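Take a look at this single chain, the form predicted alone, given in structure tokens.
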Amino acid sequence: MGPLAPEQAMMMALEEGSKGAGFVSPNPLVGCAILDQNYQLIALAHHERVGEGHAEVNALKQIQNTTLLNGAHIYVTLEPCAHEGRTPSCAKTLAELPIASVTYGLEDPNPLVSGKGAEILRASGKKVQIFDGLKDELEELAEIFLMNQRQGRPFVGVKVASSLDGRIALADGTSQWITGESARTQVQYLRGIYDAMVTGAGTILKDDPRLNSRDPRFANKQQKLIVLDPDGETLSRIAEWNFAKARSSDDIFVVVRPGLARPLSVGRALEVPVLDQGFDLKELLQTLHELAIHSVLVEAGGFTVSRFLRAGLVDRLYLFMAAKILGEGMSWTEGLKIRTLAETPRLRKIRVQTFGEDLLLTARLRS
């Protein structure tokens, strides 16, 4: 491999950083590429697990011949951390090395870091700069962390599997399986990268799903489930549901209207105020944030999905579309009432992938 251009180095760091998805919460996904003084790649690493080494430290560990760091160049997707926590300050570690420059993709919005990591490096005589480019890609890599820091709430993803005409089930409720095996395998991965799943009581009562990730990469990950059950319909059989058998009691939360919470044999009941058309979702997200839940994936029926859309609280949409037309049936926007075109949820940063015969449209929703 010859010398790398700055964009090539940052792209490699971006791709590397994504490998930590599902394992670093509440920390951000971060990747780091180290080039020698001739811009040859000498190390590439990512933040692998929360509480363990950050991307920069993991990359440095790969370099056995430390003379290669003389005049080296660091490319990292997020500003090196300035504070000491479960791991040492990356900025202070880099400041003590004979490197020439540090280029980072985004400034860290965490008040403990924001701008301070760059200050430490500049004070040590290093050339420090924010990378000019790839902003969409850099923001997407760290989007969960950025939402937590900027708005103080969990990041909300919504997963839908539908026909081309937007149906998630036939008129009689039949829905298995609209999409194929390859798409369903990808769903297992998506579940694994979020802290928690969110579903409605209707989905539990009808399908009795496990709603956990069967992706082997997440076999040892503790996954939380939040069931939106305003009338407490699932509480009397709480230990019998498949979701309760698939996770520990500490990872189960059933959200009910005020006055219905009671001690449960499995899980915990949470009271959240109810508005005219369902739970106060902003209050719900604040409650989940206080429980250290930093990202949720909503996998539910059309009315639950529509409530999140109507509240403007969907950050990323994962829309799996099968090459099928179902005609009459249940829509994934069943409860979404649009009065004018100006009110329609708008998508941005759209990406389309294929999984077998199915399409996956991934997009951010405009805030």
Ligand SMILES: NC(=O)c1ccc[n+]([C@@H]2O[C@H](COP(=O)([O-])OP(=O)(O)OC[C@H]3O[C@@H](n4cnc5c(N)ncnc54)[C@H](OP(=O)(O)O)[C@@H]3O)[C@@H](O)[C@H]2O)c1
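From a predicted model like this one, the values you see are computed outputs, not experimental measurements. Each residue number is its position in the shown sequence, starting from 1.
As for the form predicted in complex with the named molecule, it is not shown, yet the points below apply to it.
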Want to guess which of 217-225, 140-148, 110-118, 164-172 is within 4.5 Å of the named molecule in the model of the complex, heavy atoms only? 164-172
From the list 106, 82, 94, 281, which entry has a heavy atom within 4.5 Å of the named molecule in the model of the complex? 281
Just to be sure I understand the contacts: of 127, 262, 237, 206, which is the one whose heavy atoms reach within 4.5 angstroms of the named molecule in the model of the complex? 206
Report whether the minimum heavy atom distance between residue 309 and the named molecule in the model of the complex is within 4.5 Å. no
Though only this chain appears here, would residue 330 touch the named molecule in the model of the complex if you measure heavy atom gaps against 4.5 Å? yes
I'd like to know if residue 156 sits close to the named molecule in the model of the complex, meaning any non-hydrogen atom pair within 4.5 angstroms. no
Please determine whether residue 300 contacts the named molecule in the model of the complex, using a 4.5 Å cut-off between heavy atoms. yes
Note that the named molecule is not shown here; using its position in the model of the complex, name the residues of 184-221 with a heavy atom within 4.5 Å of it, in sequence order. 199, 200, 201, 202, 203, 206, 207
